[in-house]
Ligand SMILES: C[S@@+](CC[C@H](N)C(=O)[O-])C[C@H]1O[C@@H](n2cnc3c(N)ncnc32)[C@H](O)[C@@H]1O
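Here we start with a single chain on its own, the form predicted alone, put down as structure tokens.
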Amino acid sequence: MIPRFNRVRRWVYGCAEAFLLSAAALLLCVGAARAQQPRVPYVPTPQEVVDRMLQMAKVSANDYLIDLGSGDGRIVVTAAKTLGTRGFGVDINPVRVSEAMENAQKAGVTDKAAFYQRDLFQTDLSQASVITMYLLPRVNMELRPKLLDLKPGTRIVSHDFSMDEWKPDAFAQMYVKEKYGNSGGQSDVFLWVVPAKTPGSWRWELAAGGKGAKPLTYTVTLAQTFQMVTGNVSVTGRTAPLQNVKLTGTEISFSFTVDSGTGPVRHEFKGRVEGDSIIGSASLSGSRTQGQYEWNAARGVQNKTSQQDR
């Protein structure tokens, strides 16, 4: 009886082992399938919103556009067909990628528009001058550090969803005739311009007292949160807060009034941030000082880390 019992036991154990292996294989397949599912449900952007997004970003034939979660490809295709813009879209869903490629072929823009099945978080965005997206708030927030590290001046346009405390440089609301397959609704469009990194101490000299005047040394200390910049200026031992500070991409401007030894003088500066330099112009106006000057500032403290997240 013992040998027969052993045979039965081996058969039971074999069945159990086969069942466990099959269950493990099933779990692996389910996990893999879930990993391949899109993180964002596919909802096409209404064409009128597409047109507004491109308009707000001032997209032209000189731009390179990357659409994250490109769906049927309508943003990239529209930009290529109507504006001559080159670019590509990425989507994790192969069905959407095939559809986008077909739409590009129908529009005759396959020489300008391409589409790839790719994880948007693994996509190289460095060549983009414009990024478009219609994702979800949590995905926007996950992307935000990567977007902030793009080349200053890069424009980012999002349909419907913001990036929390990174406030947009421009915002628009519009009513669309059909949304989410229903009869109309409101759409929001957000535009950001990636700001240059300006924190630190900047120094320059200006010979602002007329011919033969000794140049004065100015020191401005800047702090930055996204595109919001604050700071103070020091000149001839006097300090003053900066006023009307504006940073849009690489373009910066600010003003202040300080007594540089000849009475209060209003200073207005405009320039372009180029790494650790700012190149632009200065306008000075006071009772004894008037004029336009070239402005060349250099970052004295190598501190380009802003208060925004990285």
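We number the residues from 1 along the sequence you see. Just so we're clear, the structure is a prediction, and the values are computed from it rather than from any experiment.
Heads up, the form predicted together with the ligand isn't pictured, but that's what we're talking about next.
Stretch from 271 to 279, 251 to 259, 40 to 48, 237 to 245 whose residues place a heavy atom within 4.5 Å of the ligand in the predicted complex: Of the options given, it is 40 to 48.
Any non-hydrogen atom of Pro195 within 4.5 angstroms of the ligand in the predicted complex: No, Pro195 sits far enough from the ligand in the predicted complex that none of its heavy atoms falls within 4.5 Å.
Contact label in the predicted complex: Ser187 to the ligand, heavy atom within 4.5 Å: Result no; Ser187 lies far from the ligand in the predicted complex.
Heavy atom of Glu102 within 4.5 Å of the ligand in the predicted complex: Flag for Glu102 set to no.
Non-hydrogen atom contact Gly71 with the ligand in the predicted complex at 4.5 angstroms: Looking in the predicted complex, residue contacts with the ligand include Gly71, since a heavy atom lies within 4.5 Å.
Heavy atom within 4.5 Å of the ligand in the predicted complex - residue from Asp119, Asp164, Glu142, Glu178: By the 4.5 Å heavy-atom cutoff, the listed residue in contact is Asp119.
In the predicted complex, residues of 74 to 106 near the ligand [heavy atom within 4.5 Å]: Stretch hits, in order: Arg74, Ile75, Val90, Asp91, Ile92, Asn93, Arg96.
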